[in-house]
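One chain is shown next in structure tokens, namely the form predicted alone.
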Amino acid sequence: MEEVKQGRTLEQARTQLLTALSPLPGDDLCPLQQARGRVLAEPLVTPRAVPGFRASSMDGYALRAVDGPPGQPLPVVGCSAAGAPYGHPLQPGQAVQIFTGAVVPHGADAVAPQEEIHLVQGQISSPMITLKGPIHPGQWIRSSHGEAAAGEQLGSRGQRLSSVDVARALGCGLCTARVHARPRVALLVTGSELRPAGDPLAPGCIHDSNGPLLLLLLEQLGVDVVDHQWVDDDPQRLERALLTLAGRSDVLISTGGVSVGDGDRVGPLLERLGTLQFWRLFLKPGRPFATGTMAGARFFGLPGNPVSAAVTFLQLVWPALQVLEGSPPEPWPRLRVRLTSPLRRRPGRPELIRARLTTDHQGLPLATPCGDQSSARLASLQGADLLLEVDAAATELPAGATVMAQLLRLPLL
């Protein structure tokens, strides 16, 4: 009963939500050039060893290590360049000039770097070299399967492809990837007081920031948004918009109208038109949050305050979208940080406090809260690198206190 009154903790909500979900049916054969951010439905397997030949990792001379004691002259009989190999086996007592990435001739078992040899003068038409120091078999030679062995798995089922994953697969000669279908997402922004940026404002109205913020987050995460609408708080128009968007999508996200006020109509409509899995979180920011199903679509009702909408989206909706796309949800990386200044707050609910990440003179992570933490103040998310995890009972944390934090910045590669 207390859980119903207070709401679910973030961990309870995440567990209940994600265990009820499964990947959407269907997959696509996607060109690898377009596959960054997609989730593999089948493993990526290289058909051959890469590069497929022994290659030099230095500019220098290929030779047999046994032929290269310091001071021993060796005739240079040819050159092996990238894309233009020396076409003959290396004979005992010979050397071949070689460049980085070029094929090591058959018979050679080492490469002497350019800076480790002397070029014997007076032999322009038939140059000779001597080594400055000893050389060992295998020195400066890359394996024929240095990048990948034949049949090696480059990506596993359920893996979300990064830029490096795609580049490596292309470098191994693969052109396509079998990927899971992406959820089709629709976004509904509610609120009679909202107007698009640039429109004149009537008394009591504000410009919409929730819609732009969520659309940009979805775009950054590679999510397909099939429709986006705004509707006022009129019950009939709201009901039509919900049913229309749910019928066009796999996932319907709304923002606003999920609290307990007389003007909050999304929750009751969800209970009447679909199914309500749970409502209300024991979390700050983000207590009003509803999820369930409607007209065959998974529904997420986010709070109307912009910070609350963003935080609940990152904590619950993004993991759910990952599951629907066939990928295990990846939690935000967590690290322990020290506060640069005291942190004072009212107790009551666990809180995710927006903060900036810096480091001290030893390179250890520091956190500086982003000023006023009001859930209506989008500025508290501007420049935020971290969400500090603060317990419900905490009232004051001194400067230097350690706190666990979620790292928000997405990896580049």
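Numbers follow the displayed sequence, beginning with 1. Worth saying up front: this structure is predicted, and the values here are computed from it rather than measured.
Below: the form predicted in complex with a small molecule, not depicted.
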In the model of the complex, the one of Ser249, Thr190, Thr291, Thr312 near the small molecule [non-hydrogen atom within 4.5 angstroms]:
Thr190
Which one of Lys132, Arg240, His207, His145 is close to the small molecule in the model of the complex, taking close to mean a heavy atom within 4.5 Å?
His207
Which of these stretches, 161-169, 303-311, 133-141, 179-187, has heavy atoms within 4.5 Å of the small molecule in the model of the complex?
303-311
Contact of Ala110 with the small molecule in the model of the complex (heavy atom, 4.5 Å):
no
Looking at the partner-bound form in the model of the complex, is Thr255 within 4.5 Å of the small molecule by any heavy atom?
yes
Can any non-hydrogen atom of Gly211 be found within 4.5 angstroms of the small molecule in the model of the complex?
yes
Does the small molecule get within 4.5 angstroms of any non-hydrogen atom of Leu194 in the model of the complex?
yes
